[in-house]
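What follows is one chain in structure tokens, specifically the form predicted alone.
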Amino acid sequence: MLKFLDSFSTILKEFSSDEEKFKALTLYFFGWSFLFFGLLFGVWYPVKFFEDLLRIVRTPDYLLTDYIRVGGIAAAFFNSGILMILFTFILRLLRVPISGLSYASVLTVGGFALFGKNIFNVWPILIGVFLYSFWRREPIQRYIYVAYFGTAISPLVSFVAFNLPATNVPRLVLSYIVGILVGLFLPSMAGHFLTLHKGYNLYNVGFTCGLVGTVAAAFFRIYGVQIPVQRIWSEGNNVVFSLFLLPLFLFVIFCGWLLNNRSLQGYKKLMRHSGRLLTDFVILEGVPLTLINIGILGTISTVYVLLIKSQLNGPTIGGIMTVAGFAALGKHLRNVVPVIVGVTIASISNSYELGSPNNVLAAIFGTTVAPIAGEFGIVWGIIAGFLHNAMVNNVGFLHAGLNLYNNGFAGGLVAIVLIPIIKTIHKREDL
């Protein structure tokens, strides 16, 4: 066993000698893991696999649309894996230094590719942001992460492409025009809205896309185009997905532990950060501790879903991957747990079952307000989580599910409301 550890440690350190390539390799690792897991279920049925993938692309994917229920495990995980691989490749192609933002954006895209983002609807957003950088005569590297997170509004593209009352070709063209226009204005809007919540909502672009989705849904409604309420939610795969996710995250912890000289030294220092945007753990604390943090939060999120007797499926795995991604950009045990506790208290006392989609997704994604707990302590973190549970269950109507980052929208509102109250109580004008 010791010989194996020594050998594996040596190999790992050889790979990590070129830090930039190693960071890219870790991102590719998540993408290939999801892709191969999907292929295990689809390689024997290639015709059905492509039919399922096409069904994912064509199905209206506003919240809540579980691709595992729509197209099966194979197509859903292939869609997720291929997008993570492609988005990592684009970063490498543009020579963007891999940072905490890279992990957060790529893993979030991969997570939401299980319930809303697909190989058809993400590209016009990226094209729009690319055009914005060209128009401003600024390097695309400055806005690439806005483009990645901006794919939260991808369901708008799919809705226009497959649901408007028109013939196919005009709808497809119009859907890409709409997506490009949204992407064109996202960078300036995201920068402006960041000042509203002061960085205490980690899903800032989700807040921006929530407002964009609200405007889009309002226009649809006044012209008689209705967006029906949708809840597609798969069940019965907890054992299969546990056997995939838990070893995956434990392996990530193991690799980080080995690279950190077989210790957790420095992890307490990492948890002293509030997590407020932008707290980049890759830059501040290094890759080994970041990997340990990713693995720990991914494991805890998975176990939480199982403990409250909910379901591991597209939306919840999407939430787990988002938490894991932001474990490189602001989230850690000290600021995540109080928020989850607050959401859970609200879940026990509200009108939904503890393990219902409303409550489990609020708990996982609600960690967007983790910086409130990180800066102001456990009590305010619990309050933020409690308030978030109420808010997130009531704002979805505004954007009709066109914004996938519904919790980012709700989290922004929670921060906008709560931070002035905290300022007043603590008598602090500048936080």
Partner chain sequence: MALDKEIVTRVCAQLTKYLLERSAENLNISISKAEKYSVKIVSKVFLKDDELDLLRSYLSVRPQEVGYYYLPLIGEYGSEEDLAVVAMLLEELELIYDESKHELTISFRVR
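Residue numbers count along the first chain shown, from 1. Quantities reported herein were computed from a predicted structural model and do not represent experimental measurements.
Just so you know, the form predicted in complex with the partner chain exists too; it's not on screen, but the next bit is about it.
Joint contact, 101, 273 and 283 to the partner chain in the model of the complex, by non-hydrogen atom at 4.5 Å: Contact check passed for all of 101, 273 and 283.
The unique member of 277, 289, 216, 252 whose heavy atoms fall within 4.5 Å of the partner chain in the model of the complex: Exactly one residue meets the criterion: 277.
Listed residue (350, 141, 230, 242) with a non-hydrogen atom within 4.5 angstroms of the partner chain in the model of the complex: Checked against the cut-off, the match is 141.
Contact of residue 195 with the partner chain in the model of the complex (heavy atom, 4.5 Å): It does: once the partner chain is placed as it appears in the model of the complex, residue 195 has a heavy atom within 4.5 Å of it.
Contact test in the model of the complex: residue 81 vs the partner chain, heavy atoms, 4.5 Å: Output for residue 81 is no: heavy atoms all beyond 4.5 Å of the partner chain.
Contact of residue 204 with the partner chain in the model of the complex (heavy atom, 4.5 Å): Yes, residue 204 sits close enough to the partner chain in the model of the complex that at least one of its heavy atoms falls within 4.5 Å.
Exercise: residue 337 in contact with the partner chain in the model of the complex, heavy atom 4.5 Å: Answer no; every heavy atom of residue 337 is more than 4.5 Å from the partner chain in the model of the complex.
Candidate stretches 300 to 308, 265 to 273, 162 to 170, 67 to 75, one within 4.5 Å of the partner chain in the model of the complex by heavy atom: That would be 265 to 273.
Interface residues of 167 to 197 toward the partner chain, as seen in the model of the complex [heavy atoms, 4.5 Å]: Residues within 4.5 Å: 187, 190, 191, 194, 195.
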